[in-house]
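Encoded as structure tokens, the following chain is the form predicted on its own, with no partner shown.
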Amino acid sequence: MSQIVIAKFGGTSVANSAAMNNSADVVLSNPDVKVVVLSASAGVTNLLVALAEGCNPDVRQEKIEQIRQIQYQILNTLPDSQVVRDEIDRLLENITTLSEAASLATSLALTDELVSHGELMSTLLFVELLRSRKVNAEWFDVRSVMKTSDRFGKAEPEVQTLSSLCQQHLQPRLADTLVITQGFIGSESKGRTTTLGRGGSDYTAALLGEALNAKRVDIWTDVPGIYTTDPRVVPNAKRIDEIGFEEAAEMATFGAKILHPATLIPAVRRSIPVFVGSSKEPTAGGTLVCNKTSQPPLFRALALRRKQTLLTLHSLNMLHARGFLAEIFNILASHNISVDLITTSEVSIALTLDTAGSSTNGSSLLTSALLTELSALCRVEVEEDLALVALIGNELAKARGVGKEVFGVLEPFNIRMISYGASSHNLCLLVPGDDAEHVVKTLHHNLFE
């Protein structure tokens, strides 16, 4: 294993000049950091996504002006940066041209091309800032190594190709320069820009960590680590100093915003620890996510995922029949839908779908075509605006008294669905969206405080 550390900074960590300088301090405080992966400056990606959806000339101009202001606020604090100024202006012109095209006809490929500009700009500015501080830093276009499928909005990286391209083009540069590159974006076989889906910058950092066999991946955000639940929901939430990969992956899968679910997979494959800390207070410590932790507790954390949809499918044909579930899952697969939780009875099946952040463009999963296909087989009921509360822990399926500890305090709430036993790491409850925070507070108070 090399001594390389990959450092990734999210949008708030490169939001403005002060935040970028903080992030630069964090990078320069560790000589092992050789590759820095950046998101777009906070707010820029949302503006670019809005432009990609097509808008009238006035709104378009206003949004492009907002992007220009965010980037120029940083640019204006840098000394004599004419080259970078020209580059930023060129990218802003690109954004204008592409958003005009989007107002005539939108496409996922066009969206990815447009959205990628956020990361291209933030990395250019960060390199310039480092150079103004006399650091030997180099801008690197991640698209030259991050080869992906052509599923725009949610492209899959080609891990073998990435590995060999990194050894060829990236590894040799690390001996004497600090490489700054983009998260979230890649390119497909024809060279068109792709994106890895929301939260993809963490994924990029872990993929590069795997390809370069790094000793650690540092994810710097605006929160100093992973907590027993979202501190905005429960102010008494406690930081977890060390957590196992499986627990962290469960937390991420069930909605803990701090890490993207897929992020950890490349790191797990190579047993590379992932550190999560705050770029605002780098000395405040953080959470280390590693292969195994000593004495993992029964209850580790609570995660909350909103905007869940419950599909209940009723059919008398299910009774003693074979192949009914296979048909249902074939239909869902043909629409690129993955199911979260599932419970069945003799004549019905209930499934939950995660409709939050399904792809970069946030399009809905429940299309009329899908519902029509399902309705041909069975009666379909749809319930929306539910929330999934997941209790993450260890050996939950083997422990005694878990039901009493959990359900005893949830007497006042309506629980729509329970999933327990399939994994020893989680117990999931589906509750009405309006009750979600109360449920989390009640459980946290009982299990963690």
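Note that this is a predicted model, so its numbers are computed, not measured. Numbers for residues come from their place in the sequence shown, where the first is 1.
Another form, the form predicted together with ligand ADP, is not on view; read the next lines as being about it.
Although the partner is absent here, A256 lies within 4.5 Å of ligand ADP in the predicted complex, judged by heavy atoms. Proximity of G225 to ligand ADP in the predicted complex: non-hydrogen atoms within 4.5 Å are present.
Within this chain, M251 lines the site of ligand ADP in the predicted complex, having a heavy atom no more than 4.5 Å away. Though the partner is left out of this view, S99 does not reach within 4.5 Å of ligand ADP in the predicted complex, counting heavy atoms only. Listed stretches are 225 to 233, 81 to 89, 208 to 216, 151 to 159; the contact stretch with ligand ADP in the predicted complex is 225 to 233, by a heavy atom cutoff of 4.5 Å. T221 is the sole member of Q71, S187, T352, T221 with a non-hydrogen atom within 4.5 Å of ligand ADP in the predicted complex.
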